[in-house]
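The form predicted on its own is given below as one chain in structure tokens.
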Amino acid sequence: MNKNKLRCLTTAVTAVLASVCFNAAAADGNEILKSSCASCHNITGPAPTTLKDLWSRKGPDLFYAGNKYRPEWMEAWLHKPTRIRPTGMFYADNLKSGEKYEVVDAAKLAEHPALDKEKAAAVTSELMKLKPHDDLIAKETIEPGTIGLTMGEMVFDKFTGCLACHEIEPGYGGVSGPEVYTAGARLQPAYIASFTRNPQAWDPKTWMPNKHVSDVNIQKIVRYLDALSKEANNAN
């Protein structure tokens, strides 16, 4: 066999192997979702429609992950998970009596398993395909701009009362909901806007109330969470 034919054959074999490896990775990500993630996360929908279903939820719904999360954050987080919800999925399940009031029972909080980089990438690829709420995302327009942290906190806390349930820095803010000091890096801006506008459109039984936030303040909250995440990243 001459060198040109050998080179062509080698190239063809390499392309086939690359295709097989790519498809295997994609299939592996889907398999991981089904075999390891579905026991705690809803990956097929719909969202809970009864309180019983809500209380049985073990982890955040993922069936609209492609509408919600930033892929670069998701991949990095799956490889090195950190706690986003200080008191777990449903805070009342993880409390114990303290000297003056109830406190979080850390022993009840489960750690999320970590995936190696290849599996994290494969699972992220599959999650980003899950976009049943493109219609809600399409309704949002994110206007470019920035906001100072002081003004942003005023909107987040004084105007909308969000600090009661969400930490804006470790140890500062409510703990019944997820922390938001990494939300700008974690969540897509259009999702933040849409969920703030109408939480129940995404999750009919969510604990988060519809505050009927104005368009102007929704834009400010999106900018504030972005600024918070950048500050948190610089601090690290």
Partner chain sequence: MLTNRATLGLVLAGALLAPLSATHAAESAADNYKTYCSQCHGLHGDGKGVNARDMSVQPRDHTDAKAMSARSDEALFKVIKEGGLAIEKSVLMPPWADTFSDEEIHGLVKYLRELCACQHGQ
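Residue numbers count along the first chain shown, from 1. From a predicted model like this one, the values you see are computed outputs, not experimental measurements.
From this point on, the text means the form predicted in complex with its partner chain, which you will not see here.
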Quiz item: Hey, in the predicted bound form, is residue 102 touching its partner chain, heavy atoms inside 4.5 Å?
Solution: yes
Quiz item: Using 4.5 Å between non-hydrogen atoms, is residue 159 touching its partner chain in the predicted bound form?
Solution: yes
Quiz prompt | Contact flag, residue 107 vs its partner chain in the predicted bound form, heavy atom cut 4.5 Å | solution = no
Quiz item: Quick one: does residue 209 come within 4.5 Å of its partner chain in the predicted bound form, counting heavy atoms only?
Solution: yes
Quiz item: its partner chain isn't shown here, but in the predicted bound form, which of 32-40, 181-189, 46-54, 62-70 has heavy atoms within 4.5 Å of it?
Solution: 46-54
Exercise. For the stretch 166-190, return the residues whose heavy atoms include at least one within 4.5 Å of its partner chain in the predicted bound form, in the order they occur.
Key: 171, 172, 173, 174, 175, 176
